[in-house]
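This text opens with one protein chain seen in two forms, each one given by itself as structure tokens under the names structure 1 and structure 2.
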Structure 1
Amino acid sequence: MKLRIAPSPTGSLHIGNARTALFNWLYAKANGGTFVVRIDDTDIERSTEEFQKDILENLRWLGLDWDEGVEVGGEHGDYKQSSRFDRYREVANELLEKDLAYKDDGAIRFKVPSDRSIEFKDFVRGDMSFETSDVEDFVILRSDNTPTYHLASTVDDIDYGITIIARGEDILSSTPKHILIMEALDAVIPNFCHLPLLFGPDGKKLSKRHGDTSVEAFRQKGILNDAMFNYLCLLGWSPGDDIELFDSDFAISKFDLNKVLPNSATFDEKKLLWLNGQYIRSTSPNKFEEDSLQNIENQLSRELFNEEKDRLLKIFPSVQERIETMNDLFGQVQFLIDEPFIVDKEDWDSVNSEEAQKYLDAIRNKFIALGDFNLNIIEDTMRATLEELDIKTKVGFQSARVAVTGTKISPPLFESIFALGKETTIARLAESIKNYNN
């Protein structure tokens, strides 16, 4: 069994293509088959090295590997169609000689026989039947002597011994053309499987106008690869038993192309985000720390100081359970970083009051007198002060939060103060007290 994904390097890896690649990969893995990645770059004008690199990198990021194909090699060269133009021309000429194709203004068209029906069985759609009278004679070699997708893709599928062609439904109606070429070349007809398309929220084929449609974009948004893998699996397929959170081994153990739904699925970013949150929460603390430090350094474009790392490590457990993507991280921990500390003016104004000032002054003095500065002592001190001064929790804590973290939204207060450390906390409290009359 041999399957393949054949992306065109005319854009960044599209989520729809990623899903198609994923299903091919899963089926190959599930059956001990071979998974091939080839590059369909017959459109020389729009194909670029950068896009090819992006596509391969993102396939790997998703956890997909391939047994044969571009960059990993195999029996068929570099698996790029641009390297095989001679082969396609040879086939086009062969068809010409056999009188199965003809010249048309410099291009070569395949001669579609009349009054025939082309039948094949589709893994997800069952028995398919097309009349050749509905198929036009189609170009296989352009007048600039380059092959079209129909020719190149079909020749490759034959030459590489692909046994199951699983691709997007948008190519379903081109399948008769491919079968016709295969028949003309006396090739064994492989199995076909046309996967449902991915839609945008408006029910149209997912495309750029729906916003981000590339795997790379979501990766940059802080989506975890495992979450993306998991979410993509859920589009058009499910492992059964209402199980929704699973890893690749589980998916492989359950996957079957024949069980893929025939109807198109709408890409729901909200659910992806939720799933991502689940994955962030289930990440081991060590890995979360590692990934987070890296993420923050990327945001800052510099390495973190050791003192910063010490502070961050203290707050990570609290942050891990409240972010949805890795990109939410920075905003949560910014107050712990040695950058200019900015208090949100609006937030401060909304919590500042004479009472708040009294409270901040009181806890500041108590903090100064403290020997140990740990979580429990911080909490005890702050709560006791609330009682002593008869100040409402919300008034005291929210003013302290803004004074220390700069905003009304932050990780838990005591943890934040603990992570910040005694000296800085005292300094920030002093700063806010001084600002009362502003």
Structure 2
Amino acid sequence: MKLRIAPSPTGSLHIGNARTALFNWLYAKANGGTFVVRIDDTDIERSTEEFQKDILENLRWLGLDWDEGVEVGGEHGDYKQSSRFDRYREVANELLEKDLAYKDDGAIRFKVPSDRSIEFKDFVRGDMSFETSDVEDFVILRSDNTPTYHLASTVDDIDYGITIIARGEDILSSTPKHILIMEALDAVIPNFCHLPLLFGPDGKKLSKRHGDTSVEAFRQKGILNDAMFNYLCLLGWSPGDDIELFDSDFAISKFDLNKVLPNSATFDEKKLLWLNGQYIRSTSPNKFEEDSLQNIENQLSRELFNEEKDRLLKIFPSVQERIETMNDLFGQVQFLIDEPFIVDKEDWDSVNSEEAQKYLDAIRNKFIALGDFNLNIIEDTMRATLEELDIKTKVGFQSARVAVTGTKISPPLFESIFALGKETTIARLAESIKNYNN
């Protein structure tokens, strides 16, 4: 069994192509088959090394490895169509000699036989039948001697011994043409699987109007590779028993192309973010700490000081329960880092009041007097002060949050103050009273 993915390096790895690659990879792994990655770069003008690098890096980021193909090697050179133009011309001329093709204005067209039915069984769609009367003679070699997709892709599938062609249903109407070429070349006809297209939440084909559609864009947004792998699996397939969270080994053990649903699958970024959050929360504390410290150092372009790390490690358990992506992390913990501390003026103006000032001054004085500055004492002190001054929780706590963290959006208040530490908390409360007093 041999399956393949054949991306064109004319753009970044699209979510739909990534899902197609994943399903091919899963079926190959599940059945002890071979997974091939080749590059369909016949569009010389639009194909770039940068896009090829993006495609291959993001396939690997998803955890997909390949047994044969580009950068891995095998029996067929570099597995790039741009290196095989002589082979495609050879086949086109062979079809000419067999009178199965003809020249037309410098191009070569395949001669479609009349009054025939092209039939095949599709993994997803079952029995398929096309009438050749509905298929026009089609170009296989252009007048500039470059092959069309129909010729290059089909010849590659034959030469590389592909036994299952699993691709998007947008290619379904071209499959009769490819089968005709295969028959003309006396090739073994592979099995076909046409996967449903991905749609946006509005029920229309997934495109840039729905926002980001490349794997790299979601990677940059802070989506974890395991979460993206998991989510792509669910776009048209399910392991059953309402299971939504699983790893690659589980997916391999359950996956079957015959169980892919024929209906279009909806790519819902909100569902992806939810799933990503689940993965973040299921990460071991040590791994989350390690990844988070690295993420923050990348944001700062410097190493963290030990004191910064100590403060951050105290808040990470709270942050891990709140964020949906790793990109949410820095904004949540920035107040703990030895960088210029900035209070959001709009947030401060919305919480500052005479009552708030009275509360901040009172808790500052109480914090100064504390010998032990642990989480329980911080909470007890702040709540008791609210009662003593008869100030509403929202007034007191929101003003304290902005004064200490610089924003109304932060980890839990008591945990934030505990992580920041007594001296810095007292200093920031003093600054908020001194510089922002009405």
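Between two forms, the rigid core is the largest collection of C-alphas that superpose within 1.5 Å. Here, residue number means position along structure 1's sequence, counting from 1. Everything numeric in this text was worked out from a predicted model, so none of it was measured.
Practice task
Pick out the form predicted together with the RNA: structure 1 or structure 2.
Solution key: The form predicted together with the RNA is the one given as structure 1; the other form is structure 2.
Problem - Large Cα shift (2 Å or above) at residue 368 between structures 1 and 2, core-fitted - result: Superposed on the core, residue 368 moves its C-alpha 2 Å or more between structures 1 and 2.
Problem - Post core alignment: residue 421 C-alpha displaced by 2 Å or more between structures 1 and 2 - result: The answer is yes; the displacement is at least 2 Å.
Practice task
State yes or no: after fitting on the rigid core, is the Cα displacement of residue 399 between structures 1 and 2 at least 2 Å?
Solution key: After core superposition, the C-alpha of residue 399 moves 2 Å or more between structures 1 and 2.
Exercise for the section: Just grab the Cα shift of residue 385 between structures 1 and 2 for me, core aligned, in angstrom. Expected result: Residue 385 is displaced by 4.4 Å at its C-alpha.
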